[in-house]
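What follows is one chain in structure tokens, specifically the form predicted alone.
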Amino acid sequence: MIASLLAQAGDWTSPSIDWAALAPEIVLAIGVNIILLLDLQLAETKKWAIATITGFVLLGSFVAVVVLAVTGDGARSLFDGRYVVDDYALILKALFLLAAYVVVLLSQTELEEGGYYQGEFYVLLVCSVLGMVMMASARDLVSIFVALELLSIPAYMMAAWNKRNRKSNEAGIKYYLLGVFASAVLLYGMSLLFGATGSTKLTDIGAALLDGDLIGLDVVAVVFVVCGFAFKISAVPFHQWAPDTYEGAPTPVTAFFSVATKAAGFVALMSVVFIAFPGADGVYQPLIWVMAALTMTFGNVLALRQTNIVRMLAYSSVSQGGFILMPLAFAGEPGVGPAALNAVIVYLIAYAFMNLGAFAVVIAVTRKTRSGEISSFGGLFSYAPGLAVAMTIFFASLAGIPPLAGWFAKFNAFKAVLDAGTTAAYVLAAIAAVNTVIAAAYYMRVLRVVWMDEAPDGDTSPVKSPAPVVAALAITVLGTIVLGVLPNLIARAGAIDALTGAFAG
């Protein structure tokens, strides 16, 4: 076994490494060092510049992704196929980088005014994004796990960044303890997969399990791996960390967790489902079916009871994860794979814009009200009509109301499920339809408060939003509207359908 691993390692030392394919990762790695050095050199009064530099680092990496997408001619394989840069990876890398850039815009003013350590925060943020970017290209269990830990460990510290707040400390500790437990479960499942198949490479694992004649060891390994990733996407019953962590962490960090880290978990799950588990669909499909149904139902029902808007958005994030999981419950059915993959990626892109936008409105309003209670948003239209309209756009999109991005994302997810044509598919689609109505109830409840209630204490003084928050709102509003009106922009982005063929190969 050791000799085999050394032989595989020898393949990685090939002198013909495609450095251009690693440009986004290289830019981020260099950026981490630049931010760290600037933090050591700049005076406290000039630490605001670190946010600007971080934004340029993320945009530089984003440009590298765009250049690779425009100039690339097919997939680029590195390290004996264990790290692949293809259309699928580039789309998701662009999503992570753009989401992180919006989070930097949301964080800048809050970190400056809250007396937080700015340099260290942005170092951790970029390190976490680097792990996500690596995750999109990882095609080996070891590289997936390394990427997962690289994105997770900084996130544990970011959750507790407001160290003077007991809820933030609680958020960090809960996230860390449950995250370590999930990592242990995932690593155990990966070790079982290696023991059963003799390889950590996803394509080799897929070939070993392709005949579908699984033994007990294979079944346990698949279940443990899926459950490990279920924690990252806060799927029920692995969601317990999400509400308290989301409420206790600084709001920009919560926005980052709800979009970027959730998307990274889905990326890892998709990679193993489509590449490593094509012959294990009889194991993972029922498991994902149950998780999807429970996740959307529990998330929505508990969201109905919330009076704090951040906590409500936390449970909303849980329920949205159930909708995203839904197509993967039938990914192994004949002819459904491409549609399921397309539906998940489209949903992740749309969700990033509408959920980050919702948090941007919350950040802008709470700067004035100093309260996260839903009642504190009363009369928002009377003194901040722009923010009221923006919140209406984001919440309507989250509810799946056309012609916004959320409706097309949900339409794609339902279509992928119904294409399976099985009784289980129709039942899950019916559960999702009921949950769509439940979700609309609590989204509309907030909008009723925004448009119809009186302002708390009669305070109708205008909301003064910092320029970075306004920029974040502009980006997210534009993305939510454009992707709903012109859905083909994401439906055909990067020839996503071709990916399933590449995975199957």
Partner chain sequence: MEPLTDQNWLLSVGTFLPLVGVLVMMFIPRSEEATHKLIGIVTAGATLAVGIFTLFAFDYSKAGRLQFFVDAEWIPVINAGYTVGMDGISLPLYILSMAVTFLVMIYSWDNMPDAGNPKAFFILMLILQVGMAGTFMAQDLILFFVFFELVLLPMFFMIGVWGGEQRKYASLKFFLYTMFGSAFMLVAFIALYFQTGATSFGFQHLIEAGAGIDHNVQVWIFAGMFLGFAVKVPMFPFHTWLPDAHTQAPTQGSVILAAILLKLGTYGFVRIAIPMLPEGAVEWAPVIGILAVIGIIYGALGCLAQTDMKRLIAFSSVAHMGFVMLGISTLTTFGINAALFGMVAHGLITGMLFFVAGSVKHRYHTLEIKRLSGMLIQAPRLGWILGFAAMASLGLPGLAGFWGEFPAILSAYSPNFGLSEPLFRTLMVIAAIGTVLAAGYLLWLYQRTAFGEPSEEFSDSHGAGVAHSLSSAANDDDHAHGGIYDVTPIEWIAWTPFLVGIVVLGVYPQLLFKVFNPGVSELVARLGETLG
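Everything numeric here is computed off the predicted structure, so don't read it as measured data. Residue numbers count along the first chain shown, from 1.
A second form of this protein, the form predicted in complex with the partner chain, is not displayed here; the remarks below concern that form.
Heavy atoms within 4.5 Å of the partner chain in the model of the complex map, among the stretches 178-186, 229-237, 270-278, 378-386, onto 378-386 alone.
Scanning 224, 289, 408, 161 against the partner chain in the model of the complex with a 4.5 Å heavy atom cut-off leaves one residue, 408.
Here is the short version: of 208, 418, 294, 424, the single residue with a heavy atom within 4.5 Å of the partner chain in the model of the complex is 418. Taking non-hydrogen atoms only, residue 447 approaches the partner chain to within 4.5 angstroms in the model of the complex. Residue contact with the partner chain in the model of the complex: residue 452 places a heavy atom within 4.5 Å of it.
Residue contact check for residue 49: none of its heavy atoms lie within 4.5 Å of the partner chain in the model of the complex.
Contact between residue 478 and the partner chain in the model of the complex is not found at the 4.5 Å heavy atom cutoff. Residues of 247-277 are not found to place any heavy atom within 4.5 Å of the partner chain in the model of the complex.
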